[in-house]
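Here we start with a single chain on its own, the form predicted on its own, put down as structure tokens.
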Amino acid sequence: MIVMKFGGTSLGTPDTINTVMEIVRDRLADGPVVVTSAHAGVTNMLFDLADCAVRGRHDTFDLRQIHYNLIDPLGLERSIIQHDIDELEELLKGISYVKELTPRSLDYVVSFGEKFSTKIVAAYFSRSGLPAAAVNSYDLGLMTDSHFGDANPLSRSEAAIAENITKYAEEVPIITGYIAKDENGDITTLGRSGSDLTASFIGAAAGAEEIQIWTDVDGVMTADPNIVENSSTISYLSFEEASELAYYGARVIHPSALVPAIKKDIPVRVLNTYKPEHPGTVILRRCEETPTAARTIVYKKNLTLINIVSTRMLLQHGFMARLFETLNSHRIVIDMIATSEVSVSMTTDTRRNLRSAVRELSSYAEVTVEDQKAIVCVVGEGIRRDHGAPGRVFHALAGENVNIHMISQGATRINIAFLVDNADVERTIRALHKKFFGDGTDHDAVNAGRKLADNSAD
């Protein structure tokens, strides 16, 4: 069995939906299980509809048209989503009456995107002679905690998923990504790009041979091809490398999605829906190191730098505990952190509750905040053995006159991360790519890391 997750851009037009159907048909011998996101642009539209409903407006005309523009050319009946449309309109009407939008209600609203897409995709598959069934992930057994907007799957869901997935031996299950239910029966969402996590969790629970993330790129690249024209696809990554690059900004896979696969030692393959013949990038438990120190260069923009200074830190215990308790109470997620005797610097992309968190921090420390920052990270297993890698990084940046605000290298020593201004990202990436890969990418060096001879199963 393989789990195949298709994102919104892969389901954005009638033609791409047909392409997805052909891709799945070609892999029937592998026992495909399909996980879908909402159609392109729909999740954002649902967030906007929820916001409008609070202000007394709840018109779903544009939402319906997006889906009808898919349904009609595919030769399907509009009635396949009518029940969900009616339910959504009633929900929005209720929100407009009370003029209040709770996190639970918001998750309920945005869940309809995946419900629409699974029904449309399953109906088209079946119409094309490929029997399929639309399945809500929570009906399959996926259960989460009650952290609405960013819920976490519960491990005890695995047994139910493993049992229920066997019911679809005669048809392809088309499963809702991104959404689930908590123990109270309320709909939850797994956060943005949470469909990756859905696919990974289901694949791990069901013992899949491979988890495939189908996107609009050829896999993981040595750098963002929009910045570096001669960047190339990386054939293999270790789980550790992939976790680092996902955390620091790679947009082809959700950072949390790797965790279930890592635990069960299941390969994750990143593929291009528009070039299904391309082998993409395979993420494995571990790979051989490449001759080059770096495997890829990633970045994450639009971060906020928080600087905290307090003499109370000096030779005192408990200060850091208090600091993190404050961040936790306001649900502030930290990306990178650096400390000295009397100061702490950290970055976050969290916007909600940031002001209130800064106010509380300011009650016991001096706090400054700087916006428009970006983390740039050089990732590669080879950094462990290449003691000259940090020097080459900083030599490249000095040549471009780039100012560095923070530096971090974790104990695993497979990444070198640093903070720069948003405006310096592109020239930083180009300079680093040239330093580590040359003017023309060394494809053999980049792709030398391969599956180890005994990758657990052999």
Ligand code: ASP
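One-based numbering along the sequence shown. Small disclaimer: the values here were computed from a predicted structure and weren't measured.
The discussion below concerns the form predicted in complex with ligand ASP, not included here.
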- request: Let me know the one among Arg385, Arg78, Arg331, Arg192 whose heavy atoms come within 4.5 Å of ligand ASP in the model of the complex, would you?
  value: Arg192
query: Going by heavy atoms within 4.5 Å, which of 387-395, 31-39, 57-65, 416-424 lines up against ligand ASP in the model of the complex?
result: 31-39
message: With the partner left out here, check for me: in the model of the complex, does some heavy atom of Thr43 sit within 4.5 Å of ligand ASP?
response: yes
query: At the 4.5 Å heavy atom threshold, is Phe201 in contact with ligand ASP in the model of the complex?
result: no
message: Phe116 versus ligand ASP, in the model of the complex: is there a non-hydrogen atom within 4.5 Å?
response: no
query: Which residues, if any, of 116-142 lie within 4.5 Å of ligand ASP in the model of the complex when only heavy atoms count?
result: none
